[in-house]
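In structure tokens, the next block holds one chain alone, the form predicted alone.
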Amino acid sequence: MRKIFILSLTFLFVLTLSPFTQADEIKIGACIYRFNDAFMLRFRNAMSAESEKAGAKIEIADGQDDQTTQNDQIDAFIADGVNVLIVNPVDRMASQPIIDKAKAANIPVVFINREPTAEMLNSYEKAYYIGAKAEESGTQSGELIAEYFKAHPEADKNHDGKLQFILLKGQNGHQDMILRSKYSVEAIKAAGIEPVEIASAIANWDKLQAMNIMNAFAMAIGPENIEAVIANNDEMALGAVEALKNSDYNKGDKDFYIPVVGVDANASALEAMDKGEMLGTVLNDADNQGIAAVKLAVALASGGDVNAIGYDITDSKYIWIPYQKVTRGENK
């Protein structure tokens, strides 16, 4: 009788620790830098779908592009007793206080899209990062432009053998902005083409800002003197396309076409590519990143094996999702 009692207690103990039992009770608090971002919308949808599939509960907060607002949301999540945090910080350099709060509450934290420094992540054994290597997207953006320039001699409008381009940058200080900008130019050089930056501006990942900036550049420089536009994301690329259309470029006439590239492969960019308005983009796989974030969060919260979630973890801290070049039809 005593053996049966002990076995029963052991069975109940195993059930209590079972990740599957705990998954039904897992509460995930997710913080997004701002909801009004096409890429992060895809990320949110992927996280919500994967949470439902896993049986976990997720609440997603809009940081409204304000770090103080996001800090308050993190405090509220911790006070509410979430089991794990997923954070897309407004300011990646403000990640340390978030890590310190999570550590004090013994809550794992998974950062997404905006990468804290290695020193920050290493300050807490339960802090992780999921994203894509921005230098890959920069390299692939530059390769798309270089490939087009080599395949289309008419793209060299002034026949000087150099590539006169405009660079539209994301948020000032954002690591993706810095690395995408740098490596796109490096890729053009590596292809044996001399790049000449004739103008650049910060457009904060925003379509309207990019359109207004590009309208001003077109008026000041003349679209006939612009040989390419490199944008750090698709929203800014689409803004550039709208501005060029205002100057009667990129409307289907090959004699009045300027190749424009972006990053993200969002639906609007793919549609613009199908219409011949935009050259190409680089897939930033929000779906896989969102799925990986929830799988890792559930494993951390349930005590599961983080190395068995289907994604490789490097340096015990990072999950990297690769970028992919995307082109359509005659733009290849």
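Start at 1 with the first residue shown and count on from there. In this text the structure is predicted, and so the values were computed from the model without any measurement.
Omitted from view is the form predicted together with ligand GAL, to which the following refers.
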Which of 170-178, 207-215, 119-127, 252-260 has heavy atoms within 4.5 Å of ligand GAL in the model of the complex? 170-178
Looking at the partner-bound form in the model of the complex, is D37 within 4.5 Å of ligand GAL by any heavy atom? yes
Is R114 one of the residues lying within 4.5 Å of ligand GAL in the model of the complex, judged by heavy atom distances? yes
Is there a heavy atom of N284 lying 4.5 Å or less from a heavy atom of ligand GAL in the model of the complex? yes
Do N233 and ligand GAL come within 4.5 Å of each other in the model of the complex, heavy atoms counted? yes
